[in-house]
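Below, in structure tokens: the form predicted on its own, a single chain.
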């Protein structure tokens, strides 16, 4: 929901996001780059003097050039450097290419599969955010599938070492990607010892997402939890990433990789520290099932 329609907000030189009732954030628009309604969603791209180029979908900020490395590095390298040999990685959503860019830095990865429902996200990101994907769409290890992520994990027979679900929040089209059925289907697509990670919003303002995730994921995985990272664009406190596996995810990264020294945010100390959760997150508990 917006205080002003998008066209009016842009005309006033501000893009205003009101994702939460009673509180929001706005970005000064120094230049409007693109605005169009695709078959699936409304896309707005603009320039901001602090955050650089900004992407919004259906009125919600998705990424900015300035801080996107924090999100993409933490969602990717925590699970991939915790897995002893992540040779195959499935990315659900993430058509902008940021997650794939980070996955591609791992020499152990021999196969990457991207499932993106909106082909316009891929084409627009290539055109307006070329550094975001950094050529990864030409990587011979990558297969791109245009389709529904929930249907792919349900009917595919391929197994993966790591699944990264770069979804929107659990409302509208993204709601299905937080259901128990979806988590069960993802579990079926993991190899033994595989890891699943997805974004879980900003718990200070979206604490119900953590409870929903715990409740719907616990029937399918023996081990699950969260780690956090501060991402300025996703205002309201640390952003949570939910992980799940049948093995205990180590607090220390298992593998050393020389590329880590070149990253914007992630390092081994951050890896360990990201698992330290504040009490208000630790108090989130699964909702007792009503099934007998």
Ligand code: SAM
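Numbering follows the first chain given and starts at 1. As the structure is a computational prediction, the values presented were derived from the model and not from experiment.
This next part talks about the form predicted together with the ligand, which is not shown.
The candidate site formed by 166, 173 and 234 is fully in contact with the ligand in the model of the complex, as each residue has a non-hydrogen atom within 4.5 angstroms of it.
When you look in the model of the complex, the only residue of 149, 74, 195, 90 with a non-hydrogen atom within 4.5 Å of the ligand is 149.
A heavy atom within 4.5 Å of the ligand in the model of the complex is found for exactly one of 104, 113, 121, 78: 121.
Heavy atoms within 4.5 Å of the ligand in the model of the complex map, among the stretches 183-191, 218-226, 155-163, 94-102, onto 94-102 alone.
Among heavy atoms of residue 244, none comes within 4.5 Å of the ligand in the model of the complex. The closest non-hydrogen atom of residue 82 lies beyond 4.5 Å of the ligand in the model of the complex. For residue 117, a non-hydrogen atom is located within 4.5 Å of the ligand in the model of the complex, even though that partner is not displayed. In the model of the complex, the ligand lies within 4.5 Å of some heavy atom of residue 57.
Applying a 4.5 Å heavy atom cutoff to the ligand in the model of the complex picks out 176, 177, 199 from 175-205, in order along the sequence.
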